[in-house]
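To begin, one chain is listed below as structure tokens, in the form predicted on its own.
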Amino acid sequence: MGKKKKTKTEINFKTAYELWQERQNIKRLETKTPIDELIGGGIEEGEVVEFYGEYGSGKTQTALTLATRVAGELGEDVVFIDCESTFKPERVVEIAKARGLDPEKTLQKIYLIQPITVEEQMEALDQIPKNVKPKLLVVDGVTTLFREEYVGRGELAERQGLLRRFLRKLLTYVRENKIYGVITNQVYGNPESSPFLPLELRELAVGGHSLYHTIDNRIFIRKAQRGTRIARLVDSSRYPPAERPFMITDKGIEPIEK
């Protein structure tokens, strides 16, 4: 038997002008806060934005607010992968009521997945029912299970390899389906930092370069005075580093009242 003839690989070839024209029609999910100013007006279709910070900084509140807006205001499906098992439907109800939305209809549009192992997290995207067409995909605590199961330097390489696979799978899903992607992440103290460095250089996102070279826009959230929060765009291929304030209320995340 002769060798099978290799099929020719089709490569997507276009000019930069054609790509620029296509991008004029890209939709964005607005946070309705100054965070939008950091990333060109909101989260782009087909991209993933990371919000990271210490416990209580507001990253999950940001994700819940966006989920409530997409499900309640836009009437679109949301898939919320809760890797920390901290999702509270009561908080969604509170945000929905404060924004004049129907809380029951909002909850019915949010599909919750709560993996308890890395294996379950890796398979989560494959388990989304065919009849569910999410417009927003949230992964809350993207590195939590990896940190719990793979402890110590001896398992670091395997952990990072699995994390990269999950992130690549996530990005592919978001881009192919033209939806909005949001992940939240924890921080750890940078052992090489100085107390004179900015906080975003002293507290780094868990996941290292697996995240740094994969996510489109990375936003560090920190607490500020009188209950406000500061969102700082730390890493982006398109936008310069900058920061904006916002606040957390019964409506979720909001602009600071003047």
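Numbers follow the displayed sequence, beginning with 1. A quick note: this is a predicted structure, and the numbers were derived from the prediction, not measured.
Absent from the display: the form predicted in complex with a small molecule. The rest refers to it.
A residue is said to contact a partner when one of its heavy atoms sits within 4.5 Å of a partner heavy atom; Q114 fails this definition for the small molecule in the model of the complex, lying far away. Using a 4.5 angstroms threshold between heavy atoms, Q61 counts as touching the small molecule in the model of the complex. Contact check for E22: no non-hydrogen atom falls within 4.5 Å of the small molecule in the model of the complex.
Contact annotation: G41 falls outside 4.5 Å of the small molecule in the model of the complex, judged by heavy atom distances.
None of D102, E123, E158, E84 but one reaches within 4.5 angstroms of the small molecule in the model of the complex through a heavy atom, and that residue is E84. In summary, among the residues R164, K135, K109, R91, the only one with a non-hydrogen atom within 4.5 Å of the small molecule in the model of the complex is R91.
The candidate spot formed by E54, R229 and D250 is fully in contact with the small molecule in the model of the complex: every one of the three has a heavy atom within 4.5 Å. Contact with the small molecule in the model of the complex, defined as any heavy atom within 4.5 Å, is confined among 149-157, 68-76, 171-179, 91-99 to 91-99.
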